[in-house]
Each structure stands twice: as C-alpha cells, then as structure tokens.
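One chain comes next, on its own, written as structure tokens: the form predicted alone.
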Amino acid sequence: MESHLISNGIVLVMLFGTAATIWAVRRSRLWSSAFVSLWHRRRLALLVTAVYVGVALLDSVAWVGGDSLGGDTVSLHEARSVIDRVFGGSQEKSYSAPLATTEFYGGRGLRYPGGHWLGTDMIGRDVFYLTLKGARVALLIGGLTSLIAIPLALLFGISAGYFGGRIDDVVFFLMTTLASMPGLLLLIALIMVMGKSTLAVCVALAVTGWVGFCRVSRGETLKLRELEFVSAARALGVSEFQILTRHILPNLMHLVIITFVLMFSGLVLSEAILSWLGIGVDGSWGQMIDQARNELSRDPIVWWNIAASGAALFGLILAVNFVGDALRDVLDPRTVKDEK
C-alpha cells in the first residue's frame, strides 16, 4: 500500500516538474529557440524517448482493486499498475516462441495461443510484458541517479572553483581519491554495504559518478568568476550567495542539461553490467539479459528473451545519445558560434 502511494507521489512530482519546465521554456526565447532547433534536428529520437517515458509512467501509476485486463486472478489488496492490468494476465507454464500456439519444449497447448508477441520465458512470463516493465527501472536508474550526482557535483565544483583555497584543496582531494579507485569495485562494495535495493543502487552509482562533472563545473566556475559581470556584481556589493545563484549557476545550466542526458545512458549501461554480475535491480533489462544468457546454449536456442531486452536497451540508449549530441550542438556556445 505504502510503496505504490510513494510511486504515485513521485510520478505527480515528475509531472509537475515537467509542466513547470515547459512553462519556463515557453517564457524564455533562448530556451524556446533551443527546443525548436532540437526538435528539427532529432525529431525521431525525441519521439522514441517520449515513448519510453510514457511506458515508464504507465508502469509507475498503481492502485489497489479492479480486475486485470489480461484475465489473471489477483489479490484485491495488491497494487497494480496500468501495464500490469493490460499485459499482466498472460502467465504460461514454460517457454513459448513469439506468436506460438504451443510450448517451445513439449508442444503442449498454451492458455493464450498466439497472444505472446515476444514469447515467454522459462517460467512462462510474457517477454513483451517484462520488456515494458524494464522501461520504468531504466528511467528510474538513469533519472534518479543523475538527480543525485549532478547537484552533488555542482555543490563541490562551484564551491571549489569560486572560493578556492582550502575548499578547493579538499574537493580536489576527494575527486583524486575517488578517481584513483577502480570504479566497478567501489560500486560493488557500496552496493554490498547498503543493500541491493533500487535506491541503494542509485546512491552507489551517484557516489561513483559525480567526479567527472565536478571537474567540468569547477573549471567553468574558475573561468566565470574572473569575468567582468561577476567583478561588477562584487563591486556593487552583491553577496556571494547571490553571485553564485544569479550569475554562476545560470551560466552552467547548458552543461547541466547536456551532462544529464549523456550521463543517463552511461548509468543505464552500468546497471546492466551490475545485473550481469548478479547485483542489479529486479525487473531491469540487465537482469533479463543475465537470466537469458544460459538459454543461448540450449538446443534449440531460446533467443527471444535476450533479443527483446537487448533491443529495448539499445533503442533507449541510442535515442538518448542522439538527443544528447543534438543538445550539445544547440546549447554549446562554441558550436553555435562555429555554425554561424
């Protein structure tokens, strides 16, 4: 009961944040022109990304009660999402190939002949349903981890670049220490200490992933603090906090957006690697790939499980990378200057 209420609350916050972002973009000529340019450059990638986000939202909104549209009998006290209710009633006893009418091994008839577009896995779960469920986990891993890592990197990077001195020494020591450790081993150690929950994986990925953007924000702040408009604000008696929030941070926002998009795909791939090692998040595409790797040695080969999860993972990362490259071209002042 509590978990689905929290999930619904997170969805409402995300929708409110999206609406606020759209409202702010429409009011700003700079961001409006940037979005129009992005739409013309990578329209298909934006549409594909929107489909993934829509599927993830449909799997995030859950409520108790009501019947499953798929026909399974469920507990009246079990919270089920829209995806669960539409595609959840499709359990079989064992493997079946895509659009098959009989089991892959044994040839026995299916409860839903021809109804599994991507077949079923070893315990009879619909692969298309599992693939759709993985979108929510992927966006949660990429989005939530980025929302933890980027503010952390901004806090340390801007503080070190603007104030310098001992603060810069401490931040640089932290960055050097983390950069000198094997990232994968540190990630595994953190997850084993905090547990294998989704939140623990997100925190561990954020702790090991903020260093790169911290270097970028520190270097950019070192340059910005010496510019004329910052010196003028300081001469007029503007407080350090106001300089940071009104002059330094807004000039880093294009880097924040680009980093968020590019970091997203790397985090999703990192979770897939963790799932391959057996410490990933339940329900992710990486876990599906891990569970399906032994099926490639069967005779005949059960190929549709790994094909579906791999194609979904590939499609999301490719679309996000295309959007990230276009954002870099649109928002990077040097690129815009070169095009002119």
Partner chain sequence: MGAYVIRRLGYGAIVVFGVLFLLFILFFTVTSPDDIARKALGERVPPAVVEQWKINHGYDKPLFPAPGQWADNMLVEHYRRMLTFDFGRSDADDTPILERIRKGMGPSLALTIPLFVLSLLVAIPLALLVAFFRETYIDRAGVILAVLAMSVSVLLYIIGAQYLVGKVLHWFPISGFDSNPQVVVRFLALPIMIGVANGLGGDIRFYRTVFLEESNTDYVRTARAKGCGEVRIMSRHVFRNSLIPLLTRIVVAIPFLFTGSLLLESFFGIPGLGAITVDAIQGNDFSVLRTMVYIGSLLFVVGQILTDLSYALVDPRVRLE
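Numbering follows the first chain given and starts at 1. The model shown is predicted, which means the values in this text are computed figures rather than measured ones.
Not pictured, yet referred to below: the form predicted in complex with the partner chain.
Distance criterion of 4.5 Å from any heavy atom to the partner chain in the predicted bound form singles out 185 from the list 99, 227, 185, 236. The listed set 34, 272, 45, 62 contains one residue whose heavy atoms approach the partner chain in the predicted bound form to within 4.5 Å, identified as 272.
Of the candidate stretches 113-121, 190-198, 244-252, 128-136, only 190-198 contains residues with a heavy atom within 4.5 Å of the partner chain in the predicted bound form. Heavy atoms of residue 51 never reach within 4.5 Å of the partner chain in the predicted bound form, leaving it off the interface. With a 4.5 Å cutoff on heavy atoms, residue 231 does not count as touching the partner chain in the predicted bound form; it lies far away. Residue 28 falls outside the set of residues with a heavy atom inside 4.5 Å of the partner chain in the predicted bound form. When the partner chain is considered in the predicted bound form, residue 289 lines it closely, a heavy atom lying within 4.5 Å. Residues from 219-248 do not approach the partner chain in the predicted bound form: none has a non-hydrogen atom within 4.5 Å of it.
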